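One chain comes next, on its own, written as structure tokens: the form predicted on its own.
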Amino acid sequence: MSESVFTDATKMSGDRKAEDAIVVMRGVVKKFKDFVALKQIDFAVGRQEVVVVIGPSGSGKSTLIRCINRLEEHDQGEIIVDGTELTMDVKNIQEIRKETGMVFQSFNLFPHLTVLDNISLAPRQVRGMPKAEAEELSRELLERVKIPEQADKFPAQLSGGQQQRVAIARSLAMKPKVMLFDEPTSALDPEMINEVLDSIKQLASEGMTMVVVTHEMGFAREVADRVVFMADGEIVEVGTPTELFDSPKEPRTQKFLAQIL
């Protein structure tokens, strides 16, 4: 990584300073046997900042965000979330997972539980929230993602877009400080993509800190404070949506965007 890319990847948007960072990655390396998925990643996310990560398949995008909440264990470097370093200490891992909501490509809802129970389960079991309070919160979140009428249905009765919005509400129920999205629309039919993206846009407008891995370039242009382009396990280029989409500097970025835009 060049010095300029290092600076761009760790320099947050707006007037945010280093002490405003809620996620910090320094020199992070992740290997799968002989394959190096992440190569010396330096990266920071400021509070209330929306960072969108783009790049070709296999570039390390999903691995990067999965390392933030220890779904993947990094091999070198350090990861700090809201002042807590991610180590082998189970308490640290649990603490960080409480503060980071995660939405996956697949919805991962419990099929035998209603929508309301899917959302209220974690606040009750992990945060010790009383059942009535957890259910009230769950209904508020269903209003927030615009499907309050689905509360008593089971996941199989919902469309893919509705299930993904339930998954978003379920993550929000833990009141996370950071939301991580791993290609949240890639498993959806085209007509359902916008309803999920609209829910994420709403979160952005409310000031939620987010890291979003996506192939939706229009969404990235509209919502991101910064866009990170990854290729071959490296952060190749970082900039505002206007900088990165309209005048990319790096040949690998230019080639990728020429193929998809």
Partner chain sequence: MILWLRRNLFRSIWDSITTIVFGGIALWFIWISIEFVFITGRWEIVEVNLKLFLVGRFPEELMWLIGASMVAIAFWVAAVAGGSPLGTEPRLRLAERIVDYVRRFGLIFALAILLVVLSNSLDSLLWVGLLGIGVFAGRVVGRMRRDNKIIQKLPGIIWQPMIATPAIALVIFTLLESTLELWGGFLINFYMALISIILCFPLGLLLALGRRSSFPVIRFICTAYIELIRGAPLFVLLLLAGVALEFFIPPTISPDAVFRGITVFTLFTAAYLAEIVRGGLQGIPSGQIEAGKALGLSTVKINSLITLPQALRSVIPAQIGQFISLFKDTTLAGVALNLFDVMTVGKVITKQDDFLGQGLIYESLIFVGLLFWVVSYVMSKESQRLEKRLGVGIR
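This is a predicted model, so every value here is computed, not measured. Residue numbers count along the first chain shown, from 1.
Missing here is the form predicted together with the partner chain; even so, the following discussion is about that form.
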| item | value |
| --- | --- |
| Contact check for Leu71, Phe110 and Ala156 against the partner chain in the model of the complex, heavy atom at 4.5 Å | yes |
| In the model of the complex, the one of Ser186, Gln76, Thr87, Gln125 near the partner chain [non-hydrogen atom within 4.5 angstroms] | Gln125 |
| The unique member of Leu121, Ala151, Leu137, Ile80 whose heavy atoms fall within 4.5 Å of the partner chain in the model of the complex | Leu121 |
| Gln163 within 4.5 Å of the partner chain in the model of the complex, heavy atoms | no |
| Interface membership of Lys177, the partner chain in the model of the complex, 4.5 Å heavy atom rule | no |
| Touches the partner chain in the model of the complex: Asn92 (any heavy atom, 4.5 Å) | no |
| Leu116: touches the partner chain in the model of the complex, heavy atom cutoff 4.5 angstroms | no |
| Stretch in contact in the model of the complex with the partner chain, which is absent here, among 209 to 217, 45 to 53, 194 to 202, 61 to 69 (heavy atoms within 4.5 Å) | 61 to 69 |
